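Here you get one chain, nothing else, as structure tokens; it is the form predicted on its own.
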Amino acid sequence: MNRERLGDRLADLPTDGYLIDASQDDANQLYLSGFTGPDPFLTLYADGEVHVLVGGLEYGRARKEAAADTVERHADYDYEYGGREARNDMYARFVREKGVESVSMPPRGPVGTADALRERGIDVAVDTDDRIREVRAVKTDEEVDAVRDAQRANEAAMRAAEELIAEADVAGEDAPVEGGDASADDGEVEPGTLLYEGEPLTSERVTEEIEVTLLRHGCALDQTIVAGGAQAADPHDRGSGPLRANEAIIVDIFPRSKATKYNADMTRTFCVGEPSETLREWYDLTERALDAALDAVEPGATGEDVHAAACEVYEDAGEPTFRTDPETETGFIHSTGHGVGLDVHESPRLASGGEELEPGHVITVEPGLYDPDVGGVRIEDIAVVTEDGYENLTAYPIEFEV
């Protein structure tokens, strides 16, 4: 946590303090408290200090792990197991005993907690700017290193996925199926299906390889994208079923470190066999769009500038983008990127209206083209904005045909 930046950003709050009621799943809570509490707990920022209130079960661990000036437990307020009203009384007392009579809460803070505090005479304002999210967007060197470490795990997983795809055979006419799993009604594999050890290579099988590799590198993820053919034309289709030769296969991996809780993000697009002329053109365009967008990354540039650089490559080639056609369902149909940190999607946005970039912003750059009749292509690197440009944190080759 950057205490100095946090203090500067919260200095002009219209309230005495800033209160979060959430579990570690809320990135603002994790950032402010530094504590991985699985159940909701309170964190209060006031007068430059951070105060945490947890249940007795988590008290010992919170005292050791939380990045807080004080850690208290429910029993300190004569509460451990009781009703909702008694709990809310405890919350109000916790806040008041820190000299606070008014608090700001995040836009997604529990309305029940806010109303209960108001009923007990504590003013509550909604922080519509989500200031802690803004503070989180600019990473310290330690945070950048945490993302870098997660990215190394990501690259190991991508390598495992690519090797699995590259080692696959391609089914010809009347290829038999081992294990009884076939994509044709007559029990035979459809020609062009990728086969691994005699069985159809599926999105699910590649995803399994990715997830196992990430676990071995101290990371995990609940979802990933391995989508081929027409499925790749939907940027968020997770992919399912057998993969095929001569089609683009999008692999998008966004793991989270189990130790630091920081994320990484990377996408590559692969093809076994001979891609169509259109797919090959799309891949070349997308690599050029990636380079153009990265070249636009520097302090003082905006997320909109970076997005525009990618869009211009596509538009000059006659491909639709949301800039030229906000209703298009094909072409470049998403933003160029986003911030990455404790959340895999956070500020800043590389999109129309995107904010100014600052040193310490960790961002993805991920142009792509999509059409169900063709498939999809996306290439994504992750980078950190530096004082004089950017550092690409991605050390993985960009190659289409495997």
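What you see is a predicted model; the values in this text were computed from it and never measured. Residues carry their position along the shown sequence, with the first being 1.
Keep in mind that the form predicted in complex with a further copy of the same chain is not shown, yet the notes after this line are about it.
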Would all three of 24, 39 and 334 be in contact with a further copy of the same chain in the predicted complex, where contact means some heavy atom lies within 4.5 Å? yes
Proximity to a further copy of the same chain in the predicted complex (heavy atom, within 4.5 Å), stretch among 143-151, 231-239, 267-275, 296-304: 231-239
I'd like to check something about residue 121: if you look in the predicted complex, is any of its heavy atoms closer than or equal to 4.5 Å to a heavy atom of a further copy of the same chain? no
How about residue 200: is it within 4.5 Å of a further copy of the same chain in the predicted complex, going by heavy atoms? no
In the predicted complex, is there a heavy atom of a further copy of the same chain that lies within 4.5 Å of any heavy atom of residue 192, even though the partner is absent here? no
Does at least one non-hydrogen atom of residue 209 fall within 4.5 angstroms of a further copy of the same chain in the predicted complex? yes
Pick from 163, 129, 284, 101: which residue has any heavy atom within 4.5 angstroms of a further copy of the same chain in the predicted complex? 129
Among 167, 97, 80, 316, which has any heavy atom within 4.5 Å of a further copy of the same chain in the predicted complex? 80
Would you mind checking 204-232 for residues with a heavy atom within 4.5 Å of a further copy of the same chain in the predicted complex? 205, 208, 209, 211, 212, 215, 216, 220, 221, 222, 223
